[in-house]
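A single chain, nothing else alongside it, follows as structure tokens in the form predicted on its own.
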Amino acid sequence: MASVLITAIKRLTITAAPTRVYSSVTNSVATVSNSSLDVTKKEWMFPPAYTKPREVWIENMDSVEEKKLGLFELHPTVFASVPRIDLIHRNVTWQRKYRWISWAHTKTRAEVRGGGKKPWPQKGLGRARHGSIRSPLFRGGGVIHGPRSGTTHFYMLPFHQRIYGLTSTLSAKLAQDDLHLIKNLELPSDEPEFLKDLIENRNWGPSVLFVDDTDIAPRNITVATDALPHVNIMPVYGLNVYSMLKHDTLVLTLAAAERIEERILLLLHAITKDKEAPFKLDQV
């Protein structure tokens, strides 16, 4: 029985359509055969030393049905690093606090109404010396070291913790199959139902974040996302950890993926000690 199966498999010939592979460096499209899938290598300024690039399918947006347009290489330092949950948590805490202003307010003894008269004489009654009934020792008096309105909780997270927070979140999204690549944001229709059916058909959801390299999006996708509160568009310069975690699926255009790689790799390999030195405090 085993020999019959082996003979049948040897006679079986499988033919597949050629695959188109996009390169971010040469801007060319290479056609490869079904025998060996050769991906056009990207010439990064800082090539990976110990790990291989991650290959991701490029998906279409012109129809609800999913089509594979080609393969795209992602730098492993940016999209395949070890996710640091602690750094992701620090980034989320930082983002939630830097825009938080506390308006809680308490009055001091100078702001509480009343208490202008001395409650009893200084001497002669054997009682403690008090000058006002609005002292913090009295009921209804002022509050010591209470919260004052307009208190900001802003603080600056260290530079490399912000960078590694982005790489950890992008790597976690790719590992969980929640990161997808598309050629551009062009849609054939501005109907919200088309985009909703596309998301449901490809299991992108329920919330989706589209990221492009520019803040000027095509008209069809902006009109379609206006009626879908769980679908948002963001330029690449506004990409952050909190927004990526808030959405279940992250969809990047090819230009946005290249821009993210270029910027993060440049910042990771830049020497910033001389620029940071004037801003550091001298600790004696």
Partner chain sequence: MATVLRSRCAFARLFAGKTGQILNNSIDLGIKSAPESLSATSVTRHYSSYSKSPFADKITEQYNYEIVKNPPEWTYVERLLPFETIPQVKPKDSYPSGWVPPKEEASNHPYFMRRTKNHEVPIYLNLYDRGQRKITKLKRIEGDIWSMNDEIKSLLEKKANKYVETRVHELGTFIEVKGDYVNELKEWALSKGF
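This one's a predicted model, so the numbers in the text were calculated from it and none came from an experiment. Positions refer to the first chain, counted from 1.
Only in words, not in the display: the form predicted together with its partner chain, which the text now covers.
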{"item": "Among 253-261, 220-228, 43-51, 61-69, the region lying within 4.5 Å of its partner chain in the predicted bound form by heavy atom distance", "value": "43-51"}
{"item": "Contact assignment for its partner chain in the predicted bound form, among H130, R162, R202, R84, heavy atom within 4.5 Å", "value": "R84"}
{"item": "Neighbours of its partner chain in the predicted bound form among 252-271 [non-hydrogen atom within 4.5 angstroms]", "value": "L266, L268, H269, A270, I271"}
